[in-house]
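Just one chain is shown here, as structure tokens, and it is the form predicted alone.
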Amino acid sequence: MREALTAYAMLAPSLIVFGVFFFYALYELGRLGFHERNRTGTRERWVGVEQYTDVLGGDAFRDGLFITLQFVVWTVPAGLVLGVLLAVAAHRRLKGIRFFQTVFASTVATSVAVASVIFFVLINPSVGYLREVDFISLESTSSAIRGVALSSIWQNLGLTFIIVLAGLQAVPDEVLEAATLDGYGPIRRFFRVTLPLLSPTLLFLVVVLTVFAFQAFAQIDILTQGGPAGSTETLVFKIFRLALEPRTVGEAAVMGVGLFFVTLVVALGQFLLIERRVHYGDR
């Protein structure tokens, strides 16, 4: 009993924080979805599940989800591959390598707003240094999402680099030496030995980067404000727009609940599908 009380006492701060800022917030979000407010936001009217079916089955939610998935596709694989390549390049016993490790990891200290402003200077359609690069042009409906994704890839690169570098440093030297004695070259040793041992780290990064991508907002607000022609309006941005008007707060809440469950399903799916190929040291 004493050990149980001690455990609950230690868990109490975290449980309080989760209860107030997550569970209660999620409950309130779900409750708002069942109500419709007047234009001034002073009164609520019960509408039941009708608002859920209308919003989650509507074009606005589907379009926002499609754009969000596009953002995930552009940011997660590219950010993961670049982070792994930089970590492998910096995982060397060379003179001065600490300097490059610091440079590669520096973006982890950069906020989303700062990263977005930096790339706004680079790819701004009017005065940006890279404004003539059509692949990331913010003026085109087909390329604007790639321009926004570029800032997120750069901003998350430091986090990916640090975690992968830590994973590389945890790989036993004896295993790599044994692979070398067996005739494995650098490339084969990386794909057959190092990468399987890094798989738990990569699984963690895939989930984290995917959740970050589903929550993208600041970079879109700064770079495009949802344009051009709504081509960068992710679900979070649509929720923000709807929440500005008191009468559409209920619709915003429904989209928020929908985004939560979509993110939950995607994360669980990644764990179930990718973990089959994850190699743990004790297996």
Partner chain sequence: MATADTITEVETASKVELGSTPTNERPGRRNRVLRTVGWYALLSVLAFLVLFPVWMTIVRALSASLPYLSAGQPVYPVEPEWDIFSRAWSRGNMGRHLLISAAVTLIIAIAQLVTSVLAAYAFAFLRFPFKRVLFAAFIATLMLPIEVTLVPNIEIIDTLGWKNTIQGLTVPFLATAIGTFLIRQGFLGIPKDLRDAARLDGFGNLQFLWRVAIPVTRPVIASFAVISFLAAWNQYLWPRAITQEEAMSTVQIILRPLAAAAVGEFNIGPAAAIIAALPILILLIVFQRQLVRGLTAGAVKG
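Positions refer to the first chain, counted from 1. This structure is a prediction, so every number in the text was calculated from the model and none was measured. Under this definition, the rigid core comprises the largest set of C-alpha atoms superposing within 1.5 Å between the forms.
Unshown form predicted in complex with its partner chain; subsequent notes refer to it.
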property: Exercise: F119 in contact with its partner chain in the predicted bound form, heavy atom 4.5 Å; result: yes
property: Partner contact for G256 in the predicted bound form: its partner chain, 4.5 angstroms, heavy atom; result: yes
property: Contact flag, I97 vs its partner chain in the predicted bound form, heavy atom cut 4.5 Å; result: yes
property: Close approach of V81 to its partner chain in the predicted bound form, 4.5 Å, heavy atom; result: no
property: Listed residue that, although its partner chain is not shown, lies within 4.5 Å of it in the predicted bound form (heavy atoms), from V175, I162, V207, V73; result: I162
property: Candidate spot F61, S140 and F191, all three touching its partner chain in the predicted bound form (heavy atom, 4.5 Å); result: no
property: In the predicted bound form, residues of 53-92 near its partner chain [heavy atom within 4.5 Å]; result: L85, L86, A89, A90, H91, R92
property: Shift of D59 between the shown form and the other one at or above 2 Å (CA, core fit); result: no
property: Displaced residue check between the shown form and the other one: H35, CA, 2 Å or over, core reference; result: yes
property: V262 C-alpha relocation of at least 2 Å between the shown form and the other one, rigid core basis; result: no
